[in-house]
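What follows is a single chain, given as structure tokens, in the form predicted on its own.
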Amino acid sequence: MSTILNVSGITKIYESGGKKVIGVEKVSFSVEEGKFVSIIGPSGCGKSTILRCIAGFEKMNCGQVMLEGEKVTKPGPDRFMIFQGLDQLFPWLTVEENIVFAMKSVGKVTKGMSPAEEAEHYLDLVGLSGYGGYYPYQLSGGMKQRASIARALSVKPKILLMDEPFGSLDAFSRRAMHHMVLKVWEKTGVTVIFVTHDIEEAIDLSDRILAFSPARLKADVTNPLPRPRERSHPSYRSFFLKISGLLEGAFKPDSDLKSASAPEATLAF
């Protein structure tokens, strides 16, 4: 399987009140096409900054991000980002209209299929068949995130960037979303980079886990567990303890500069 993404020595430093604030420092890793990779660590360790750099929302101080051999210099539909917030859809458009607008904006309407039919295809993929005529305010939080994922998939991105997308949902809804996103990933083959601070979520979903300490990549761990993942299995518990151990003491200072997360960006179509 070929490498789709290369992150090479990226450093992002913010200026805040006359002080330098590290977002990430000297971070390098690669991602193979079609893989599901999680970035895990406590709040403020640079997880979201990494995603924003890959998305092209941030200008890096040094290093580079390469997507299929091309340097990332700005945002593009080949890297679609899903945020934690539940209000990412245009409220004045129906769910179908949100998806059709995204497809037309980037010229990704499939020939031989009407935009409405294609929108319904993606809604069916995320379990929202028949909800195309609804407005965002008529949907639950979990349904809004499903619709946001359907919109993201409709532009046929090479990489789906997900920044704690289920963090605002209750535990039951999150488990349902895990099943859905794995189904979507298996059917579409899209590469996923998923940010979370939840160890079990990372283990349940990922092929690989990138564990972060403040601003730096601490460990790159392959998930050895077969799918589907059973939390009650002894091997699951053993792997959980391994990842937990890697994250212990994650906020011990190892730099003269303070680390911090970047502010959330607004994705506009």
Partner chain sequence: MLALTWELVRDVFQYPELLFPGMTSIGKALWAEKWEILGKTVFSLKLIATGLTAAVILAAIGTIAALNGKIFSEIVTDFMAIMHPLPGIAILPAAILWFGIGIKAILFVIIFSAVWPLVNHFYTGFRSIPANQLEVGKNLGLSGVRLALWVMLPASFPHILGGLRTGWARAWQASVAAELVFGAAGGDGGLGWFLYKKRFMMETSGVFAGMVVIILIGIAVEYLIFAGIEKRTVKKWKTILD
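Positions refer to the first chain, counted from 1. Here the structure is a predicted model, which is why all the values come from computation and not from measurement.
Note that the form predicted together with its partner chain isn't included here; everything after this is about it.
*Asks:* So which of Val155, Val184, Leu128, Val72 gets a non-hydrogen atom within 4.5 Å of its partner chain in the predicted complex?
*Replies:* Of the candidates Val155, Val184, Leu128, Val72, Val155 is the one lying within 4.5 Å of its partner chain in the predicted complex.
*Asks:* Just give me the single entry in Met143, Val106, Leu169, Ala176 that has a non-hydrogen atom within 4.5 angstroms of its partner chain in the predicted complex.
*Replies:* When its partner chain is considered in the predicted complex, the option within 4.5 Å is Val106.
*Asks:* Whether Thr191 contacts its partner chain in the predicted complex should be assessed with a 4.5 Å heavy atom distance threshold; does it?
*Replies:* Close contact is absent here: in the predicted complex, Thr191 is far from its partner chain, nothing within 4.5 Å, heavy atoms only.
*Asks:* Hey, in the predicted complex, does Thr196 get a heavy atom within 4.5 angstroms of its partner chain?
*Replies:* No, no contact at 4.5 Å.
*Asks:* Could you tell me if Arg52 has a non-hydrogen atom within 4.5 Å of its partner chain in the predicted complex?
*Replies:* Judged by the heavy-atom cut-off of 4.5 Å, Arg52 is in contact with its partner chain in the predicted complex.
*Asks:* Is there a heavy atom of Leu123 lying 4.5 Å or less from a heavy atom of its partner chain in the predicted complex?
*Replies:* Heavy-atom contact with its partner chain at 4.5 Å: absent for Leu123.
*Asks:* Checking a candidate spot here: are Ala202, Pro214 and Phe240 all in contact with its partner chain in the predicted complex (at least one heavy atom each within 4.5 Å)?
*Replies:* Checking in the predicted complex: none of Ala202, Pro214 and Phe240 is within 4.5 Å of its partner chain.
*Asks:* Scan 26-42 and write down, in order along the chain, each residue with a heavy atom lying within 4.5 Å of its partner chain in the predicted complex.
*Replies:* Heavy-atom contacts to its partner chain in the predicted complex: nothing from 26-42.
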